[in-house]
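Single chain ahead, by itself, as structure tokens, in the form predicted on its own.
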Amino acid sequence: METMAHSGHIRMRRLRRGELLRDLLAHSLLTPARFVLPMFVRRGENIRQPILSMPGQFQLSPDQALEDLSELAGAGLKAFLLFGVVDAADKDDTGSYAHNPDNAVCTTLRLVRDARLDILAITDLCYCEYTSHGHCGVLTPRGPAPDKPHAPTRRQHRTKSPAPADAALQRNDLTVDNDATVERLGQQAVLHAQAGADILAPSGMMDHATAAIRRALDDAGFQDRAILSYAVKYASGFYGPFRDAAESPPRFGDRRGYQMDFRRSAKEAVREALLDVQEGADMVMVKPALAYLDVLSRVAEAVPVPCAVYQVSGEYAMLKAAADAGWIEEKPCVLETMHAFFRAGAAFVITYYAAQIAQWLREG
């Protein structure tokens, strides 16, 4: 009773009276410099192709990307993340076009560098956009074929027999060759660094990719380039619109053999992140974002480096769809989720809303 009586003078609402007081005491404050904008670039000129499943986002040719980035840098945005979109004719089984110095990513990097924009260039390192099969690296046989015969579908009964490679794809007998892929990721990283990338971000969840990339960068004289590892990337249903945007859906199977299982404890996420830090990652990332705030919090507390979070395409698309339907008010809901990410420990947020957030913050 004494405790209850004594607490009568406590009024929690005192610290919520007035906007100035609330701002003074806020733990997370939003600024454009803490957001990274993902961008999709493809070969060509004057291309600004809308991505239907991601309203407000586009596939851009390098010249159009430069135009947008020039404007965004002036608005206070400090970083962007590049993904390449590749014509079907340029794709093959090993993703060799990723090593072409004139691909869209490298061309965009050179344009940004030559324009001397005050903005950080981050590039995604992976092969899913560049391979004809849509997986994140070089394929290798999974193991001995199962004893039971492969039952053809009704559609297959009506068509000619597939070629041996296609049959292997249909049986899901192939998987990504981890060690062959990480060596190629090192080559891709050096190519991007030569073109002007400041930060290299391996996203394929290949074991020891960070070590291979760090070694390749150092050997090529790029000791000053940072690695942002997709250390904690789950096999998520929220990636659907991205696969439309990057034109990179897997032609067979899925990516659960190398991306993380969301049914596992956050302890696995912490272990993944710490392993990448040991191998030379300067920053780590948790992806997706909103459904993984518990993981973000655990990882951010455990690692001795900055921890980012990626609000992925499906999360963006859901907010856009609900706002377009009039079910939610877009701006307050978006900003509320951003505060949630920072409250959970994010050092910065990768989001397709980055440009819009910069505009909202500019407008006050």
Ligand code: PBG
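No experiment lies behind these values; they were computed from the predicted model shown. Position 1 is the first residue in the sequence shown; the rest follow in order.
Keep in mind that the form predicted together with the named molecule is not shown, yet the notes after this line are about it.
Using a 4.5 Å cutoff between non-hydrogen atoms, residue 128 counts as a contact of the named molecule in the model of the complex. At a distance threshold of 4.5 angstroms between non-hydrogen atoms, residue 99 is out of contact with the named molecule in the model of the complex. Although the partner is absent here, residue 313 is a contact residue: one of its heavy atoms lies within 4.5 angstroms of the named molecule in the model of the complex. The shortest heavy atom separation between residue 255 and the named molecule in the model of the complex is within 4.5 Å. Highlighted residues 136, 238 and 242: every one comes within 4.5 Å of the named molecule in the model of the complex, counting any heavy atom. Only one segment in the set 290-298, 226-234, 70-78, 110-118 has any non-hydrogen atom within 4.5 angstroms of the named molecule in the model of the complex, and it is 226-234.
Only one of 188, 94, 259, 103 comes within 4.5 Å of the named molecule in the model of the complex through a heavy atom, and that residue is 259. Checking 124, 279, 272, 198 for any heavy atom within 4.5 Å of the named molecule in the model of the complex turns up a single hit: 124.
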